[in-house]
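First, one chain by itself: the form predicted alone, in structure tokens.
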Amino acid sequence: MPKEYKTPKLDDLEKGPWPSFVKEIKQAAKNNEMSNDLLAVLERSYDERIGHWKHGGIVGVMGYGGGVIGRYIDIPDEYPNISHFHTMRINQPAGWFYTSEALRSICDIWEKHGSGLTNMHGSTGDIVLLGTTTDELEPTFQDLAHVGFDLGGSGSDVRTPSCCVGEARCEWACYDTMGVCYETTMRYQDELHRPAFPYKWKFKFAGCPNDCVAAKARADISVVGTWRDAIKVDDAEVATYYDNGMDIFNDVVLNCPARCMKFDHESKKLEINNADCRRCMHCINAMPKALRPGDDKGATILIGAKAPIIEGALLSSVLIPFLKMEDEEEREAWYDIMEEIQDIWCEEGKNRERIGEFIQRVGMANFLEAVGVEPIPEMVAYPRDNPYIFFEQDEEEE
């Protein structure tokens, strides 16, 4: 039986109204020495107000440079069962669809080789297996491969692409997110498993502007579903919403960021100036039976988002305003642009500089010229406030 530790501070965390991670660790600790020592170290960290975990060297599996994050404790003599406590990132299925058998296989493998603790899922989307030793990394990898799972990305590589459920379950999806996510994952196998970039590179695929995977705020490349024709309006359903008490003028029209809508109380009709529509989905979310995306569907490609690690947070900028995702030639052209961007970033980027930070440093105009993409109005973040315009010599000659 594992040694019993006193954990009064952790015990206190179990008393709240929400599910507790402490309860889950205690459950695993009943039969696992690693999880049991983890409880003791966590309690000690709360007492001392310092962490005892550190990175130390690079660990991994044969042939891969990513997928494993090395973790070590700085007091291994006191807690020998967690002297190594490495994390493994596992490539999740697109849309996070699992069978019960697949989940049981993962749990059985991890109880055999590691702490039994999992994180479903990490911020990138991976299945995260928390805590194993260096000697168990390769056996774990082999067992996972035999049931159809591969390692995800970590370090300065393509991180595991992730997507929303898309057309599998969502009526608003404007393209097959799961299909494109899978295609991208298979295309970038080498870049995913063998870090060769200045820093991490994340693909995220959202089926509509609701962006349930937060691509626009977290991904270096965001592929967000949209449409380029008119929003479909069912006048009878609009009238039904109004008759049932919805304040369409205040709750829908005045909340439109583009101010592109009008509502006539007498005729109970909603008019939309689709040329000014920003495809934000607010009106569709408010009246889903009355409004739907148009039929000419595709995706907007955005670039440069990141969380505030190293430098501050960034939101995406438009790179390609519309792409027909079911068109193989258009997707191939997009992949070609991605690889051109990666080549220039690898050559000119600084260590631990995300692509969004690189664009900020060199300027969007210089970046677009380098990768061979023509600037367009959709790329403008805000109107120019400098009255001076400078042209390059060849532009003046033309």
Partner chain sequence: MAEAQRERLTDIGPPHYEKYLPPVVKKNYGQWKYHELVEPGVMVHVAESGDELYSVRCASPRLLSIQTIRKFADLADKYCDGHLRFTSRHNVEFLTTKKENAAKIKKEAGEMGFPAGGIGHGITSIVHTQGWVHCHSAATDASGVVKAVMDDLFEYFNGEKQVPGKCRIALACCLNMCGAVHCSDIAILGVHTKPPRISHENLNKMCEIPLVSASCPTAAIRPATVDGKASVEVIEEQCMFCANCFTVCPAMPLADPDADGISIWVGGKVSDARSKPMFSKLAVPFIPNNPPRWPETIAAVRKIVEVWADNARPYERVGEWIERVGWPRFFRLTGFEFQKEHVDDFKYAGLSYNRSAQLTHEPWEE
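Everything numeric here is computed off the predicted structure, so don't read it as measured data. Throughout, rigid core stands for the largest set of C-alpha atoms superposing within 1.5 Å between the two forms. Residue numbers count along the first chain shown, from 1.
Although it is not shown, the form predicted together with its partner chain is what the next lines describe.
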message = Taking its partner chain in the model of the complex, would 120, 149 and 218 all count as contacting it (heavy atom within 4.5 Å)?
response = yes
key: 285, 134, 156, 273 - the one with a heavy atom within 4.5 Å of its partner chain in the model of the complex   = 285
message = Under a 4.5 angstroms heavy atom criterion, identify the one residue in 130, 320, 261, 325 near its partner chain in the model of the complex.
response = 130
key: Distance check, residue 231 to its partner chain in the model of the complex, heavy atom within 4.5 Å   = no
ask   = Is there any non-hydrogen atom of residue 267 lying within 4.5 Å of its partner chain in the model of the complex?
value = no
ask   = Taking 4.5 angstroms as the cut-off for heavy atoms, does residue 171 touch its partner chain in the model of the complex?
value = yes
ask   = Does any heavy atom of residue 298 come within 4.5 Å of a heavy atom of its partner chain in the model of the complex?
value = no
task = For the stretch 343 to 365, return the residues whose heavy atoms include at least one within 4.5 Å of its partner chain in the model of the complex, in the order they occur.
result = 351, 352, 360
task = Examine residue 311 after superposing the rigid core and state whether its CA is displaced by 2 Å or more between the shown form and the other one.
result = yes
message = Core superposed first: is there a CA shift of 2 Å or greater at residue 380 between the shown form and the other one?
response = no
